[in-house]
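Consider the single chain below, provided in structure tokens and representing the form predicted on its own.
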Amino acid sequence: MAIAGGGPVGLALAALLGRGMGDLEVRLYEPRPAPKWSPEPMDLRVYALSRASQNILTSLGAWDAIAEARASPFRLMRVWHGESHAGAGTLTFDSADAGEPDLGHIVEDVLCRDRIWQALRDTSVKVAFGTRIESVETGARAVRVATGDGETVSASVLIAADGSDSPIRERLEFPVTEFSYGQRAVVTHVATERSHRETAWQRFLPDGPLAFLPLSDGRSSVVWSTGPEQAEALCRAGEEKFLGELQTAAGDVPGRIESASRRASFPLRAIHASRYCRPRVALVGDAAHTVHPLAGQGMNLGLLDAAVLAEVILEALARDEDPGDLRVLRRYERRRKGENLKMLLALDGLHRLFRLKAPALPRLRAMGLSAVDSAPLLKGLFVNEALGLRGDLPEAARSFR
């Protein structure tokens, strides 16, 4: 079995397969060097990991090591539209209302990869960092991959976990629907006058949402979605100018914004493959779907993909079935494609709703947020969705309590 891509999704899939069946031969290929987490500086790329993702990472033996190193829980989420976060147009989610200790954790990308990689060392999985798959040839009973190192491997299944620009997906011509949001997300970490109080804050602005996510060192990770020209200007601005722009956008929620780390930006787009599999090949994570980051669900969807696909493959092997048979891989597609598409469309619709500029819409949007805030049952459904505890969950996502 071969996996292309050593991000958190590919590594988690390899660990789940390796721990599920000790004699299963799994090879993972990743062009980047092996991850190595260091306390300083803090990685700009962070994820808001759900309870389901935490369960999956626990099941493969990585969560405790992640939490011990650096993970910041968030117990409240406040969303608002308008000038004030304390009046009409505000929606608050509280983990206590759902009987949960928190709504999730903010975790750095490199820390996540490093600790899953460490957990992989207890398995028979072979990981080749600094190695890229250069060619793929699918056959009736196997798929052959050739690497840049000159190695040729025959596998029962090739799994593409190689990101939104997936070379495997492109090489094998999987059909995809893709559209750009005409935005870029600017990311940085900021120190603020007020404590973040383990709260995730998100304000809907005319050009896109602005989020403050709590970090374990007291700072907040900022994700600011805006137009490409403004994003470029924000990245190029001096610190004083940038902090002034961010202060205006954030209002008084964080108090005075005192300093910011380096900045980066990335384009926002949605991608969805119309097929997640074909004989001998499957797509997972961003290779299959990419969503708008406004709810922080991209990595959570990818880890659920990995857990479901691992479960499907291991169950097939236990029944002496061929794991690369299309009938087997389609079981994974049926369980994940609809859920992923539902999330993509919901986030896309929410993004478009808050960008419409008709005169009456700001008040209607504020009324909608307030209405949801006053409906406990509806809020409970949203919290369970964000926690990842709804739908057809794989066993790994349900195991931690």
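Residue positions are given as counts along the sequence shown, with the first one as 1. Values in this document were obtained by computation on a predicted structure and should not be read as measured data.
The form predicted in complex with a small molecule exists for this protein as well; it is not shown, and the discussion that follows is about that form.
Which of 311-319, 199-207, 232-240, 132-140 sits within 4.5 Å of the small molecule in the predicted complex, heavy atom basis: Among the candidates, contact is made by 132-140.
4.5 Å heavy atom contact, residue 9 and the small molecule in the predicted complex: Result yes; residue 9 sits at the interface with the small molecule in the predicted complex.
Just to confirm, residue 47 within 4.5 Å of the small molecule in the predicted complex by heavy atoms? Residue-level check for residue 47: yes, a contact with the small molecule.
Using the partner position in the predicted complex, report whether residue 228 sits within 4.5 Å of the small molecule, counting heavy atoms only. Judged by the heavy-atom cut-off of 4.5 Å, residue 228 is well away from the small molecule in the predicted complex.
If we define contact as a non-hydrogen atom of the residue within 4.5 angstroms of the partner, is residue 286 a contact of the small molecule in the predicted complex? Answer yes; at least one heavy atom of residue 286 falls within 4.5 Å of the small molecule in the predicted complex.
Considering the small molecule in the predicted complex, which of 342, 36, 334, 32 comes within 4.5 Å of it through any heavy atom? Of the candidates 342, 36, 334, 32, 32 is the one lying within 4.5 Å of the small molecule in the predicted complex.
Please tell me which of 73, 279, 251, 163 lies within 4.5 Å of the small molecule in the predicted complex, judged by heavy atoms. Partner contact (heavy atom, 4.5 Å) among the options: 163.
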